[in-house]
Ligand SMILES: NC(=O)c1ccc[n+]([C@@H]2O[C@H](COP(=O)([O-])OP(=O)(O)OC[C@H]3O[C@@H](n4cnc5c(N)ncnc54)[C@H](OP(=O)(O)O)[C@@H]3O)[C@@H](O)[C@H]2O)c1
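First, one chain by itself: the form predicted on its own, in structure tokens.
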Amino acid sequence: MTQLRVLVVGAGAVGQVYAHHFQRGGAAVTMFVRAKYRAEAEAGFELYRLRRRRVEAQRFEGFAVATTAAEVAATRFDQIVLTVATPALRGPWLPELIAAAGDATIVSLQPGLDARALVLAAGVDEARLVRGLISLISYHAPLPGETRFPTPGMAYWFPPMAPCPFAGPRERTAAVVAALRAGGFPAKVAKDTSAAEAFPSAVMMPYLAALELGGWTVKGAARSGTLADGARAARQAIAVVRHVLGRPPLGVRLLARPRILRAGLWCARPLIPLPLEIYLEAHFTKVGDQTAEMLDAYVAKGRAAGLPVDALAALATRLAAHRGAARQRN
């Protein structure tokens, strides 16, 4: 049989994990990165899979590296996996990459109501597009205060009973899931990922903004009132997504209540093998543009639909001012 060839776009917290498991499943993997990161990627990566009571060190190497669409065009790829943040999809590089991709399946992992449209606008045929939802946690280790890693690397954790769902054309989706599962990556075929991705994101993005404004702790956000502001904004974001996709699941509506969220986090802490609040600050500070962009998108879509978005707009404004002040201090 011909070896599966997979191009993973982005070598960050998500890209390294996906690429590593594709390779473990027998695929020939190429990492697509910006030219300035080529040497770093070619040196390979240290990964750490977090188990409940131990850390499993894994060396990821032996893959190819590409930095231009011309290099991509020189190889026939079966699957191209987009792991970069949503704002990074904009710009000329993505249409150039898609044009060089031939008939490869395009796998999009970006959250947000507009991510699918961005990928399609870059020239992807709907018959080749598979959408995926990221359910794993991955981050640059060590986090502040962590001492369990012998050298810096990428730590990751698969939450139990939460395989990453993928949806799209049947045969292409099944091939993506099979390739990942062959490498030990929990994945499943789903009928659709739109609601499973959009509604949790509508809750998560306002709460992330609230946590950032509250010093990245739940207690700080509760004391300052930003947690309650985030809950009001989350309810408005849910209404915006509901206008597009229909009724949200009950669990999503419950999470838009601060007390339920705090209780859930308290119960989850003993089960999650990493310091959650420290992780949220470290990871989502790096992809902060995505959070701001999604808040702005909820506001724009809500206003266009005649829905109330005052709490969302106020939260987005405060977040922009907070980040502006932080940049001035630094």
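Keep in mind it's a predicted model, so treat the numbers as computed, not measured. Quick note: we count residues from 1 along the sequence shown, nothing fancier.
Keep in mind that the form predicted in complex with this ligand is missing from the display, and what follows is about it.
Novice: Heavy atom to heavy atom, is K36 within 4.5 Å of this ligand in the predicted complex?
Specialist: Yes.
Novice: Quick check on G12: any heavy atom within 4.5 Å of this ligand in the predicted complex?
Specialist: The answer is yes: G12 has a heavy atom within 4.5 Å of this ligand.
Novice: Look up in the predicted complex whether P111 has a non-hydrogen atom within 4.5 angstroms of this ligand, and give yes or no.
Specialist: Residue-level check for P111: yes, a contact with this ligand.
Novice: Please run the contact check for R59 against this ligand in the predicted complex: heavy atoms, 4.5 angstroms, yes or no?
Specialist: No, R59 sits far enough from this ligand in the predicted complex that none of its heavy atoms falls within 4.5 Å.
Novice: Identify which of A190, L211, I137, A182 has a heavy atom within 4.5 Å of this ligand in the predicted complex; exactly one of them does.
Specialist: Only one option qualifies, and that one is I137.
Novice: Can you pick out, from R269, R262, R51, K286, the residue that has a heavy atom within 4.5 Å of this ligand in the predicted complex?
Specialist: Contact residue from the list: K286.
Novice: Spot the stretch among 232-240, 85-93, 215-223, 115-123 with residues whose non-hydrogen atoms come within 4.5 Å of this ligand in the predicted complex.
Specialist: Of the options, only 85-93 has residues within 4.5 Å of the partner.
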